[in-house]
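Quick heads-up: it's one chain on its own, the form predicted on its own, in structure tokens.
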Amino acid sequence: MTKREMLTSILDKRDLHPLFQPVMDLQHGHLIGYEGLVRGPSDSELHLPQALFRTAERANMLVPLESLCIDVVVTEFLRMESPGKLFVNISPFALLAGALTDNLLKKLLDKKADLRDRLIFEITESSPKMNNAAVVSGLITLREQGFKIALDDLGEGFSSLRLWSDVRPDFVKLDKHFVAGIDKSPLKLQFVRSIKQIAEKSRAIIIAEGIEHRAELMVLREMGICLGQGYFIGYPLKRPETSVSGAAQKCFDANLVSANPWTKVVLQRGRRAHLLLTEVPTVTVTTTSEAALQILLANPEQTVLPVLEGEIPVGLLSRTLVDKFSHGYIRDLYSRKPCTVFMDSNPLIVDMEMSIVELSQLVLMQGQKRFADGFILVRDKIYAGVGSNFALMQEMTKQQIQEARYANPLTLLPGNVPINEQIELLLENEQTFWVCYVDLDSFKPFNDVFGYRRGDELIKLTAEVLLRHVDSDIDFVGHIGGDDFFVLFQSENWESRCMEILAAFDRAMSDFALQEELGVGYYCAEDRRGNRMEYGFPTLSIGIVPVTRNQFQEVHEIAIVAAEVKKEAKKTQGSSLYVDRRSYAGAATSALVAA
């Protein structure tokens, strides 16, 4: 039997099997609905959807196949009395070719009164040859009938952004390419942040597809993405799941916070132009030049005067007007004429929601001559205020300093600022966590005797050991500076991880000494008083402070206790772990564990 004959048989027998993949509210942890999918007969070459739809396209049977898919998916969804919304796929070609006939819609709607409010038609990838205007018209017709619209695979199809602009869908599905590994890619974070801003502007809800790992879910949730689906949340099944997967649920039950510091950097870059807004007096296109001059004279700190036509900004008067009117003949000639004679009719006008980074690039393109004029801020093209380029440069400088302080230049681990920010976030989240102060013992004499190069290599080795033995999704590793590190554990097996760190460091130190031909055992060096002392190679001391709900209010309180606990750990010879048990009711009684 040929594939065409197989497809004909499937259509005649309605031999399609619907599956339902859950769609999750990423902010609250519950399901809001499902995407309806189909499979062909399990023993057929057309079982998988790629083969099924490819065959239908070649056989010119795509329209009847898509009509049947919609019919069986909706019918089965209603038969099982599944809760929530149902996302149903339809291609632009099938939409225009009549796959959604009036008879089919009437048949489906007659089965359930509230279906119109629950059914969302998900428009799949378009083609360069497709009539975009016709697709837009078809989708608008669906919306007029009361159905909601979703745009599928944003970023994959030919005309998805154009469709978004023309149709203004209720939901936009973010292609899995941007989701996969988003926790490790600042560039993808930036893309998704930008898409989210467009969605907020167009009042669309983002659905992140292809969430397959905990870290991806946590980062998307922190970024404020509303909805998501993927194998980590739930697989496509014949009978819809009524709750998210155990692994996804655990993220919410444990109230875990992402340990990815670069999320914060990207979000910091997303600061908006509205932060620079200043309210100043304005004039209109009918205001005389003399009246505008008097406003500037009455406000000596004001460098520009916006000119409005109604609520729309059309120009900008600069303070040079004062200089021009200092010449008597100019004042005599122009004082009664409209101020528009002197205005810059092409000022820089930007939306309040433009990012600081984008705005700075626009200002640089304007050139030095117009730098002093600043820019006009609008909201939906309506005048809101003005901003100065001096304030913009201050904000950019602050942002660059913040980013420079974010990473230690030697290990590239987050520095003091992000460590403090992460602790504050964990405290605000009322999360139980374990603050781990890690310090190298006898590092200074080692550095003095063997040199800064070997000292730096040892610090980088320590960073590598720490990173290898934490859960990178939820455990945060930071480098305070020198030979001091912080680890913020959310992992419940933090103690065994610490013991592994100590053992791994001792092994790595031994290997390092051999590779660098530093000898074995001990070496001699002068102490701070000039006395010759015998030292062993550096070991690792770890002080642990368990932080439970409402135990500490501020970061500096934790820092003080962590420093004390680290000192206790350093009192023991060799690599050691000291745990502050004073306010940790669930811990064991012993406070000191030697590696």
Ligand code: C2E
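In this text the structure is predicted, and so the values were computed from the model without any measurement. Start at 1 with the first residue shown and count on from there.
One more form of this protein exists, namely the form predicted together with this ligand; it is left out here, but the text below deals with it.
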Close approach of Q21 to this ligand in the model of the complex, 4.5 Å, heavy atom
yes
Using 4.5 Å between non-hydrogen atoms, is N60 touching this ligand in the model of the complex?
no
Interface membership of D448, this ligand in the model of the complex, 4.5 Å heavy atom rule:
no
Test of understanding: in the model of the complex, would N89 fall inside 4.5 Å of this ligand by heavy atoms?
yes
Only one of 36-44, 547-555, 562-570, 532-540 sits within 4.5 Å of this ligand in the model of the complex by heavy atom distance, namely 36-44
Taking F53, K176 and I211 as a possible spot, do all three reach this ligand in the model of the complex with a heavy atom inside 4.5 Å?
yes
With this ligand left out of view, which of P240, P347, G230, G387 would have a heavy atom within 4.5 Å of it in the model of the complex?
G230
Quick one: from D373, D170, E222, D153, grab the residue that has a heavy atom within 4.5 Å of this ligand in the model of the complex.
D153
Of the residues spanning 57-71, the ones with some heavy atom within 4.5 Å of this ligand in the model of the complex are E66, C69
